[in-house]
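Here you get one chain, nothing else, as C-alpha cells; it is the form predicted on its own.
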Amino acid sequence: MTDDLPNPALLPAGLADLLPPEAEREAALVEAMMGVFAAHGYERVKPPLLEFEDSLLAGSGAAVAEQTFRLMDPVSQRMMGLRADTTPQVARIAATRLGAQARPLRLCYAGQVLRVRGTQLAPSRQLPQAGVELIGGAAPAADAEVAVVAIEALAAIGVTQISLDVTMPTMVPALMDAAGLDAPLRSSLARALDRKDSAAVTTLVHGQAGALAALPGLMAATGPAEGALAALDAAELPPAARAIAQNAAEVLAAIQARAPGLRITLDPVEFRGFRYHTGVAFTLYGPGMSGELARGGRYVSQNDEPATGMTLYPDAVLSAAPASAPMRRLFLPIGADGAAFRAEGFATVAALAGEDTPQRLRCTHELKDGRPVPILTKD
C-alpha cells in the first residue's frame, strides 16, 4: 500500500525547498540589504502573513486581488487572505498604526509572499521580498531616493553593473483620455502597444486626434534616457501628458545627480504590470541574464497619501550576487569546547557518537594540537 502514497518530497507547482548553503546565503544577503535600508533611515516593520481580506485588498492591494489565496478564519468566521505583495500591508500600517507619525515616513520590510500563479518566466509562487516604502513624500527626490537606495543595497552585496529601466505607466492612458477614444479602439491600441507592434500603432492612430500622433515617435525613442527625454520634449503633448513627462524628467535628473554613472533607459509608452502606479515606475536589471532584481515606483497609499517604493527579489539577487566563501566548519571531538573557535568565525560541528567523523559531517577543518587545520580533500 505504501507504493500508492505520494513522494513526501513532492511539492505543489511553484513551491520549492531552499537547501544549504543557498538558504543561509539568501538570508545573509537580505540582512545586508536591510542594513543599507536602515542606514538611510528606513525603519523595519513586520506585517503578518495573513490579514482579513477587506483590509489586505484595500487601496493598492486591489491590484493583486487575483493573485491572493483566500481562506476562512475559523475564529472570526471572516475571509482572510495570504499576502501576495507586502507593499499594501506597509501602506496599511502607515495609515493606521503609524498614522500620527510625521511625514515623510520611511519604512522597510523583508518576508515571504505567496501567489496563486507564477509566470512563464518566473514560475515560483512563493517569493521572498525585501523593500523600502517612502510614504508622504511627493517630490521627485523621493522617487529618486528609493531607486538609489535599492541600487546601493545591491552594491553592498556585490551586485554591480546595474541598469535602471524607467517607465511612465500613466502616459498612454493620458493620451487616450485626451483623444477621447472609444472602448474598442482603446483596447486595440493597448494590445498593439503591449505587443510593441509599431506598424499596428501607426495604423490605429492615423486620423485620430493630435494627442495620439506622438505615440509612434515615443515608441521609437525607447532606449537610453537622454534620447527618450528629448523625444518627449519635442512631442506635442496635451497638458496632462506634458505634466507626466516633466515629472519623469525631474525624477531622472534627481537620480543622475545621486548616481551619475548609472545606466538608465526610458520607455515612455510601457504600461504592463504597473496597475497601481500613478507616476514613474522602476525596474532594476542585473548584469548578464540575471533578469529583474527589483521593481517599484510611485503610487497612492491609503488615506490618499503620496508614496513611492522599491521591492527587491532576493531569489533573483541570489543568482546575480557573486559567490561567497563557504562557512568554515570545524569538527569538534566528543567533549571538546568550541566557544573560542566560534569567536574566530568557525561554525563548530560537535561529534555526538564515535562514528561521527569530519568527512561524514562535511567539515572543512579539524583540530590538531588544539588548533584548526584545513582538511585536505582528494581531487
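Since the model is a prediction, treat every value here as computed from it, not as a measurement. Each residue number is its position in the shown sequence, starting from 1.
Just so you know, the form predicted together with another copy of the chain exists too; it's not on screen, but the next bit is about it.
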In the predicted bound form, which of the stretches 186-194, 280-288, 138-146, 229-237 has residues with heavy atoms within 4.5 Å of another copy of the chain? 138-146
In the predicted bound form, does residue 370 have a heavy atom within 4.5 Å of another copy of the chain? no
Looking in the predicted bound form, any heavy atom of residue 258 within 4.5 Å of another copy of the chain? yes
Is the gap between residue 366 and another copy of the chain in the predicted bound form 4.5 Å or less for some heavy atom pair? no
Verify the contact flag for residue 207: yes if a non-hydrogen atom of it lies within 4.5 Å of a non-hydrogen atom of another copy of the chain in the predicted bound form, no if not. no
Let me test this: is every residue among 38, 41 and 352 within 4.5 Å of another copy of the chain in the predicted bound form, going by heavy atom positions? yes
The listed residue (262, 122, 155, 71) that reaches within 4.5 Å of another copy of the chain in the predicted bound form by any heavy atom is 71
Taking another copy of the chain as it sits in the predicted bound form, which residues of 31-66 have a non-hydrogen atom within 4.5 Å of it? Please list them. 31, 38, 39, 40, 41, 43, 44, 45, 46, 47, 48, 49, 50, 51, 52, 55
